[in-house]
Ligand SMILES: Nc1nc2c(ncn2[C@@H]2O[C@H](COP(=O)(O)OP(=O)(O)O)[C@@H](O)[C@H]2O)c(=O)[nH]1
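Here you get one chain, nothing else, as structure tokens; it is the form predicted on its own.
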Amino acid sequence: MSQDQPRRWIAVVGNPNAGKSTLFNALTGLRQRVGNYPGVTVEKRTGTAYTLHGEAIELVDLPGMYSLSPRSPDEEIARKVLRGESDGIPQPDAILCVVDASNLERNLFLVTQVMELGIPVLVALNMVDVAEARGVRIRPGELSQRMGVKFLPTVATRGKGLVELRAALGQKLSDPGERRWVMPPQLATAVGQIAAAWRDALPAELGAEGRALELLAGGKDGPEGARKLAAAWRERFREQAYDWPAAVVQARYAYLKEMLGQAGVGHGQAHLTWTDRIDALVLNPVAGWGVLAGILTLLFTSIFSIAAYPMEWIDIAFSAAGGWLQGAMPAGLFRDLLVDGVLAGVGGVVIFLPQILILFFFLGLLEDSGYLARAAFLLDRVMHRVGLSGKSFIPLLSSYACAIPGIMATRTVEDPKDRLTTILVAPLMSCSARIPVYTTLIAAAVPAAVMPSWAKAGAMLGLYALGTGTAFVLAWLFRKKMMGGGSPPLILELPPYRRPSLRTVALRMWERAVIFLRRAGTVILALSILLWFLCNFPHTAEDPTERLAQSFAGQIGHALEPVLRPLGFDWRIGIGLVASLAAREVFVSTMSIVYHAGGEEEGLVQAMRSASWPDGSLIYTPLTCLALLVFYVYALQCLSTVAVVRRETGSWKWPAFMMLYMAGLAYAGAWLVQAVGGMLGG
């Protein structure tokens, strides 16, 4: 194919937990691009794959969905891409449907809808190993013949079937042809008339029957004549009390059940699977909570113990770079900028990259193995008590990594009130950007010799529990008292357990590492340079402490100190609080610059421990460190999150409310720590 010839676009669709993203990762590898669809914060993942003949094709990984009848913003975006109505992405030349081979009847429901789009379709029968282990007979040839589209068996986690899949993607795929499921006569008449009106207006239009069904369901896009006919038939069905959507669902499933039986696809002798045995433990009302607590404890212990070694290496590297610059460059403002500004600022954040990667590694393993769905099921009863459904669990869990994708993940929550409530409390789940702040303040509060790794992990777990518990209390307040109504019941598929794909987990870690380092190299670098300037000018004193106090940053800090003094915070902490509005982790780099720590974690901790008030008393007492930790558990120190909430809710009302209530909660929490601690004798 010549370079100037446009590449073919292929959409990858499938039900949640069918292995769609794993197959996408296996086909594209590192040739992926992550962004947002124009005008919305829905994440768009595209990548380049190559056929066996070397042809480059563009794949777009669409959000998981159960049908083309959109019930959430995620499904609406997927439908628009498939219809060619999404800006920035052409209508796909073909569609790759990924189905769970162990649950074909439900997965093929979406395939019957996709086939009605009039676009060539290829079906990947994924997880055939799981299906065979459960006694399911898989016959791709029979399925291909009876449904009119090609079926290929795959095991994405092991790379099985990828060669055949690449070969098929390089070939010309045939159109699905005529609809094969039998539509009830009354509905067939209505759909036929609407489709004919559509074809009369747009003769080249493909998938007119699918468009007719969308108009009948209340869709607004289409020729005026077709829309009027659809409205008339909709009114007629209402008068006749004819539940035509239920009739369509029943007709599709009746066809699939008969077709699968004719194709010889079915279950063998039922037997107890590994999934059944494991679920007996992890879904147990008592043991399941113990398993969940054990997993979380292992996660936070690993963040401190395993990450300590690469953190030390990064610390040594930045220290060596600073020492080399001091020796190689003459003394002056430019050297100070590089050592105390750039290296101290960027190094103070990059050193925490291993901890963040460990967090994403564990989340990737839990998601790929199928455990996250079990955790959502286990927590559904708790979620209902606070007025949310179990579907809110995944967005809230994602917020532990970052509130932004967590808020974006609320698009899968169908109830608007549930979705808004989840958005409002998602930033209270301690994100990975808080890890540098937590670890630094925990280290400053108690020496490492006194506090072993398991105790640090316990303290970290306590901070996460504080944010999570508060989020649940506020969710109950917002949902039950402010918005009213109850939450819908949880309907959730529990996928079979499967071996996680280390390749997929590694790709996700790579994506997040690139995003983190890009932020360190852009936003944090720029802020570090700005903060160095604010901390060093006007250059009115030679003594570093006096110069900082008289600088622009010092003036800002002193202006805030009367407000922060009841919390035990001085003007230098005030500088860090203001700077961390850009991103929470900037607090650490700001403190590195303020205390001239040179980006070394140990140097920063020692500087904080020795910092004192004018009367000689220490600032960073264990009580003040605890108050500052509570402040960061609650405060919305992230303007990016504010921007995402604005785009997701379509109004400044809710981001403003979020900032105000979280700021008030942070101030009150820190003040309460100091007050109670003072009454108990400090």
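Note that residue numbering begins at 1 and tracks the sequence as displayed. Keep in mind the model is a prediction, meaning the values are calculated, not measured.
From this point on, the text means the form predicted together with this ligand, which you will not see here.
The chain is drawn here without this ligand; in the predicted complex, the stretch among 181-189, 496-504, 331-339, 237-245 whose residues come within 4.5 Å of it by any heavy atom is 496-504. Between this ligand and the residues E116, D570, D368, D74, the one pair within 4.5 Å by heavy atoms in the predicted complex involves D368. Interface residue among A607, V155, V81, I394, judged by heavy atoms within 4.5 Å of this ligand in the predicted complex: V155. Relative to this ligand in the predicted complex, residues N15, S21 and D129 are all within 4.5 Å by at least one heavy atom.
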